[in-house]
Structure formats: C-alpha cells, structure tokens
Ligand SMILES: Nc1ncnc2c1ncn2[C@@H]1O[C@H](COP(=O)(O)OP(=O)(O)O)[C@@H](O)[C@H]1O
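A single chain comes next, written as structure tokens; it is the form predicted on its own.
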Amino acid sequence: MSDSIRAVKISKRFGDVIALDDVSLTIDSGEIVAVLGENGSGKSTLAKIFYGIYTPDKGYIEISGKREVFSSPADAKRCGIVMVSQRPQLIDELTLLENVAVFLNKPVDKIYGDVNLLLKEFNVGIDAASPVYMLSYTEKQYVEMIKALLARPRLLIVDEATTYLPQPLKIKFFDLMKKIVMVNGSIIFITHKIPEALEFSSRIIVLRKGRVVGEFDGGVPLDELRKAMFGDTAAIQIARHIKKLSESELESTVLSINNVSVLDEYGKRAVEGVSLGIKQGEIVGVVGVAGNGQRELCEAIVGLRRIEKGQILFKGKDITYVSPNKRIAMGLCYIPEDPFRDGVFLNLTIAENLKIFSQRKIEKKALHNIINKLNITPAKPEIKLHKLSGGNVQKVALSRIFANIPRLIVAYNPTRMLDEYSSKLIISTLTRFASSGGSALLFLEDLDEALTMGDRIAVMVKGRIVGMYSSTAVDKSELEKVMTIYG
C-alpha cells in the first residue's frame, strides 16, 4: 500500500554478533502487527532501527514509498514514529509532567490537562508532579505510554512494555491502541506473551536468530507459534514443588519481618507496619499494583534502604542494620527490579559478571554450565553485556542463583523481559530450589506466576499487607479484587 511503512532487507551487526539478517517487514495503515521471538532474536534491534536509535548496516526504512534515513529518534518522530521502549527512557531528575513536556516539545501548561486526564483514565494513582526517580520500573512504563499516546503517532512501536501492567490498565491501553488504528495509524506490538499477540494483532511476524522465520494470521494455533519461536526445544514442564523436608525443617523460619515501616525518598511512609515470615522450603509471593510500597519493602529487606522502625531477622539473626554485603555473605541472594541499573555491569563480559557474583572461585566449566542452563545467547563468556538483548541481560542478572548456594532468594519480577521458554526455565529453577530446602520471597506483578510458584501470596496495598492467601485456595480474580478494593 502507498501509505505503508516498510523495513527493507535490514541487517545489523554488533561486532561478531548478528542481530538482524536481511529482515523485511511491511506495516499497513490501520494494522496491528505483532513481532514475536525468543530473547536475542532481534526484536528490539528492529524496533530501534525503526525509531532511529540504530542505523542499519544494510537495508533501509521506507514510508509511503519514500526511503528515509533516521539518524536519531527525533528524525523518526518527525515522520510520526514513536516507541514505548522495553526499558523506560526518562530523565529521573524531572517530574512525570516535565518528562512528557520535553518529549512532546510543548510547555508544561499546554499538556497538564491531557496528562492528568490519562492518569485518571488509567487510574494508577500517580501524581503528575512526582519526580520520575521515585517511581517503580512499571510506573515508569506508564509514563512512557502517556508520552507515546499524547504524541498521536502514525506508527506506534510497543516494545515489550505491557508485560506487567495491571489487567484493567492493560485493557485500557489496548483500547487506546485500537483508537490509533481506527484513525489509520499503525502499531508494531513486540511481546513475549503469545496469547496477547493472538488476541490483539491482525498479523504475527516471528523472528529467530535475526531472521524472519514465519508470518501468520491471527488464527494460527499457539503451538505452531511456539515451534516457530523456539524450534524443537522441549517444553519445560512446571509442577508445583514438593517439599522433601522434615517436620522440624518445615517449621524453621528463615526470614522474619516484624512490624517494619519504611520511608520513601521524600520522607513519606511507603511501608506501614508490615510483618511477614518465610519458612524453609517456602515460596511467598508479594503482589500488588505497582507503587504500593513493594519496591521500598524489597530494598529494606536486602539492606538497600534504611527502615524507619521494626526488625528483620535472617536465620534467627538480627540484620536490621547489617550491610547488603554481609547479608549476601550470610546466604541472601537478591535479584533487582531493573537489571540494567542495579543488576549487572554492562561494560564487563558475561564471565566477569559471573565471577563478581560468585563468592567462591568459579571454574571455566561451571561458567559455561551456567550460561547453557540459562540459555544466554550468544553463549560467549567473553562478550560484553551491552551487546546483549534486554532478556539476555536479565538472564545474566539471574545467574546469581547459580553462581552461589543461597539460603534465601529475594527477587523483584525475576522473569521481566524474558521470553516464554526462559520464564518457564526460571520458574522451574525457583520451584526446584524450594523443593531442596531453599526459601524465596518474590515481589511479582504477574498474578499467574504468583499462583504458579507461591505457597502463600501476600497482597500489598498502600504500604500494608491487606491479605494473605494459600495459592491453592485463591484464584486470580479474587487477588485482582483485593489489589484494587482498598485502592
């Protein structure tokens, strides 16, 4: 079509890593095209070429029959292309409102009403005057969505930004995506959630190892998409873990959080009198809409944030004021919310990161075993992390689990940015860890994962635990109701 947007024979390399190899793709006006692929398949690289972050080594972008050269996102925006990134691209020192104003190149007073209207429509409870550094990773994604929607794009690229949205907000965002399509806009929807791709797109493109390996309509069977994405890789079967512990071990409490309160960066109480215990061999999931104190509580437990009052015991010892390094030495393993900011060293190699994570000497064979277990691609210990996809960076952050022998894992959305196969791999790893006597406290925004992994699920609202449930006696709809009824 004359008003289509095309990627024509795009190739891109990063050193000896081939990210895209002769990829062509057409998006017609009024169309939602989903792009699926495992971690490292080239999805985000393709998105960044459309958006002018990367320039292709070969090939070009064509809009309405005219070849375009993008040397920056500003060039793409002038052509009506906007992206909601996999990783939020915001200025932490500015407020939510100021970030949107900078992106749209408009005065704050001109967009104030529109921003607050969308915040009200999303019902996320964020003040437009909030500095961005105070927001959680998922809340920053809300800001990215607001920026993109107010730009009224000709082509909207959504790069794995919907994974942890609360269901009501996700539905609202998809409704707004459809409105863009109704006025002849187009959408590239990058996701690792295959059911979402089937539900919300008219066509599905599958990338594998940097090449297009399939194009499907919305009626394609789910298993056919899985095979196109992962090849003949055997499916990972996840079973609820069976504890092989004695009665005394089952009664042993590994972590005790006693009446803990925590302040945010502005001295406002973000966590209010939380008490929680995790026993040996138990997985406890903490769920809630982003911004209800989960991040502050998690950081207090691992020693990154000072508590205002209360006490934290680990293996019976008071660690309330113990440093993060000493907690790690005691057997606490922390998987942070944002691997790029807190989880890895991007300028170091995979091998160097694993050696830093390990508290003991790590042999070459063990290093390769960890890389293979996590399916990190490319499987080259000498490659630097900044050359890896977001999902593979997250896998390197998760390698802490294998580099040590932890007693307790504290993790914040550990499967963020991971494809379906890799997510199941991590879930299976965590359930086996608990079966062998380990314990885990997981802060999760994916309720399906919480129900799959957790023995118990705590619901956190406005800094308090408002409900504790056995995962075998509660369903997703009940958890969603509790998460919002107190809001």
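Given the structure is predicted, the values throughout are model-derived calculations rather than measurements. In this text, residue numbers run from 1 along the sequence as written.
A second form of this protein, the form predicted together with the named molecule, is not displayed here; the remarks below concern that form.
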Touches the named molecule in the predicted complex: Tyr51 (any heavy atom, 4.5 Å) = no
Would you please decide whether Val17 lies within 4.5 angstroms of the named molecule in the predicted complex, comparing each non-hydrogen atom pair?
-> yes
Check whether Lys387 has any heavy atom within 4.5 Å of a heavy atom of the named molecule in the predicted complex, and answer yes or no.
-> yes
Mark Glu445 yes when one of its heavy atoms lies within 4.5 Å of a heavy atom of the named molecule in the predicted complex, and no otherwise.
-> no
Listed residue that, although the named molecule is not shown, lies within 4.5 Å of it in the predicted complex (heavy atoms), from Pro88, Pro378, Gly343, Pro166 | Pro378
Just one of 426 to 434, 457 to 465, 36 to 44, 55 to 63 has heavy atoms within 4.5 Å of the named molecule in the predicted complex; which?
-> 36 to 44
